[in-house]
Ligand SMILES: Cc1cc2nc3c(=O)[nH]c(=O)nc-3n(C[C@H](O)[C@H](O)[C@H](O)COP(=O)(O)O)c2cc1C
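Next up: just one chain, as structure tokens, the form predicted alone.
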Amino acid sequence: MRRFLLWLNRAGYAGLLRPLIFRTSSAQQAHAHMLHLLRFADGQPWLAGLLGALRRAMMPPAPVAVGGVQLEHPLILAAGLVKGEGFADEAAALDAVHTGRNIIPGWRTIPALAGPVEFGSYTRWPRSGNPGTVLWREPATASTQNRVGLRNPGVLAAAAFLAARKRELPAQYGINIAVSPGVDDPDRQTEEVLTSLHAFLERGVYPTWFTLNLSCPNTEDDPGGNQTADLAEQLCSAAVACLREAETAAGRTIPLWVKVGPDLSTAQYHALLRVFAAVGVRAVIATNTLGLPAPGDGALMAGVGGGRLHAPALAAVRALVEERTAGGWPVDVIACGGVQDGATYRDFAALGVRAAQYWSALVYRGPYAAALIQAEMAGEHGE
């Protein structure tokens, strides 16, 4: 039965659904349709149960210890999909939560389909995101590109929404937070990080891990300076201390992971790895998307993921693993960049990586991409 379900998903999506979606909808239109479907599915608990049962039938447990947690599977859906609507201001976002609106479509359905998911990124204040066309796909290289602009409801609304659904949240999930683009003062950045963490912790929302996103290439004002060793140390040490204070209330440790960009020098990756080890960061995710000119408008930057990100992400992972091995540092490296099948995952595994995040694979492999990748990693069904 398992092999049949895997074959059905592989053949059904690649042979029928993907060609139909690509032919009839742009990337942005397809994304909007998907969010509409997710809002509906989130309101049908029985449907999430069915989708989850199908995933479990195709994807047996493959536990792995990484980043201070024991994951059900080594594949994690990266932040960027399950993050919610954008709002012009906090009052509007909180009002939407209080009226019962689903401001984070996919919160129930996507974990059922994918297993471990990272929610976010969330910023201290709501962001409406960038206007116009913000999503593209490039089938020739199995890539995606976006300049969504960190659209999200803000940490207070996101925390209130998830707190109201604490008993229905998945067994394993992460929450990704980011400093607001345009905030340059280190003390204000630290304040935003701490406010963001407290927003969830004080409402009893205790994810399996938190990720601090130091790179936001799909905005016009990416705070790239957050990836300097000094500022990373300030932000991460404050975040780790905050999470350690929350251990008693949470009843367990909540580790901090950090996500970095793909365009740093080897020396920068080495310096950051040493900082992460010194302050107690448990894992570094390499990498975020790669900022390149947007299709049709070279004056705008948009983050590239999928196939075109694979090589830069591999180089970043190699640099981080090199420093971890040389220093014996207790910081795990989690891959992210073009993981779309067993072969691309094994490129990272060959460097010693035990877990990986993915996103573009949903576009090119379908909603059960993680199950297909895991099977291919084990050598089941030709890739």
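In case it trips you up, residue 1 is the first one in the sequence shown, and so on. Just so we're clear, the structure is a prediction, and the values are computed from it rather than from any experiment.
The same protein also has a form predicted together with this ligand, omitted here; what follows describes it.
Between the options T109, N146, T208, N130, the residue in contact with this ligand in the predicted complex by a heavy atom within 4.5 angstroms is N146. Among G115, G84, G306, P126, the residue placing a heavy atom within 4.5 Å of this ligand in the predicted complex is G306. The stretch in contact with this ligand in the predicted complex, judged by heavy atoms within 4.5 Å, is 148-156, chosen from 197-205, 148-156, 183-191, 264-272. Although the partner is absent here, A229 sits far enough away that none of its heavy atoms falls within 4.5 Å of this ligand in the predicted complex. Heavy atoms of W359 reach within 4.5 Å of this ligand in the predicted complex, making it an interface residue. Contact check for V333: every heavy atom lies farther than 4.5 Å from this ligand in the predicted complex. Under a 4.5 angstroms non-hydrogen atom cutoff, this ligand in the predicted complex lacks V258 among its neighbouring residues. Residues of 77-93 lying near this ligand in the predicted complex, listed in sequence order, are A78, A79, G80, K83, the criterion being any heavy atom within 4.5 Å.
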